[in-house]
Every structure is written in C-alpha cells, then in structure tokens.
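This document starts with two versions of one protein chain, written out as structure tokens and named structure 1 and structure 2.
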Structure 1
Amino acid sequence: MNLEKMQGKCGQVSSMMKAIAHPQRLMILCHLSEGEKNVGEILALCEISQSQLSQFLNRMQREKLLKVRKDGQFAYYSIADKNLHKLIQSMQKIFCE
C-alpha cells in the first residue's frame, strides 16, 4: 500500500473511531452487531432515555454508521458499514469474552 493510500485509510479509521468513542454509542453498536433492532429493543437493552437514544441514533445515522429501515410505524436500525461491524465484533471478542 502506498503512503498516500495509507494516509487516506488512517483518516477514515480515525474518523470512525472518533464517531464511536462514546460509551453509549459503543453500547448501541455492540447490540446492533447482533442484528437490526427497533428503538424499543435498543431502549430496553441500553437503559438510556428515549431522548438520548434518539440523539445518538440520529448522529450515528448522519455519520453514516447506521442505516434505518422503516416498516410501518417502526424504524429498524443496523450497522451500515461492514468494516465497522467487523471492528465492533473484534472489540467484543477482545474486551467482552
């Protein structure tokens, strides 16, 4: 890999790490690494207020970390980037097992 390409990749990874560098956002992503979930499911798992969760989900969606699928009245969230999904799973193996 040439230096320019490596610098670009380092910039991408750094931005992603900054975006997930909050305990609650990381918790949400850990739960979503198991599969898509709706707001009610995430609320029950994370034990945070609906307002906080909404802010976290909106921010992560704006940063293209999450994708949302609407089904009737429900919105289902999942991890948008396969590399982020792999990163979260790797961190779980290292720190949670």
Structure 2
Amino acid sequence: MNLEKMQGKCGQVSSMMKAIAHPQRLMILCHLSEGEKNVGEILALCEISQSQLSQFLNRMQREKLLKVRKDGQFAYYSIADKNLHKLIQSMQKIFCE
C-alpha cells in the first residue's frame, strides 16, 4: 500500500478509534459485542449517567458504528459496523485472556 492510501486509511480508522478511546464507550462496546441491549440494560452495566449514555449512543450511531431498533418505549442498540465488531473481539482476545 502506498503512503497516500495509507494516510487515508489511518484517517478513517483513527476516527473510528476515537469511539474506543474512552473507558465508558469501550465498556458499552464490549457489552454490545455480545448482542443488542436496550439503554436501561447498558446503563446498569456501565458507570455513567443516563444523559451521557444517551449522548454516547447517539454519537456512535451518527458515526454508523451502532444501530438502533425501537420497540415501544425501549431502544435496543447493537454494533452496526462489522469491522468494529471484529476489532472489539480481537481486543478482547489480546487484553482479556
């Protein structure tokens, strides 16, 4: 791969990495790597305020990293980006085994 193409890749990938570069966002992603969860469930698993959780979920959704499925009053979030999912799994292997 040439330098210019590599610059482009690094730009894309590093901006995805910003999502992971926060303790609670990483926590959210690790939990979602097991499957979709609604906001209340995630809230119970992470040490974070409801407002911030909602903001983080919204942000990662705008960045196409997450997707949401509304069911009545509940909102179920899951990982939308296949590569992000692979990366989280790799990270779990590297850092948690």
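Since the structure is predicted, the reported quantities are computational estimates derived from the model, not experimental observations. Between two forms, the rigid core is the largest collection of C-alphas that superpose within 1.5 Å. Shifts are known only where both forms have a C-alpha. Numbers given to residues start at 1 and step along the sequence of structure 1.
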Given that just one of these two is the form predicted in complex with a further copy of the same chain, which number is it?
2
After superposition on the rigid core, does the Cα atom of residue 9 shift by at least 2 Å between structures 1 and 2?
yes
After superposition on the rigid core, which segments of 3 or more consecutive residues show C-alpha displacements of 2 Å or more between structures 1 and 2?
1-12, 18-20
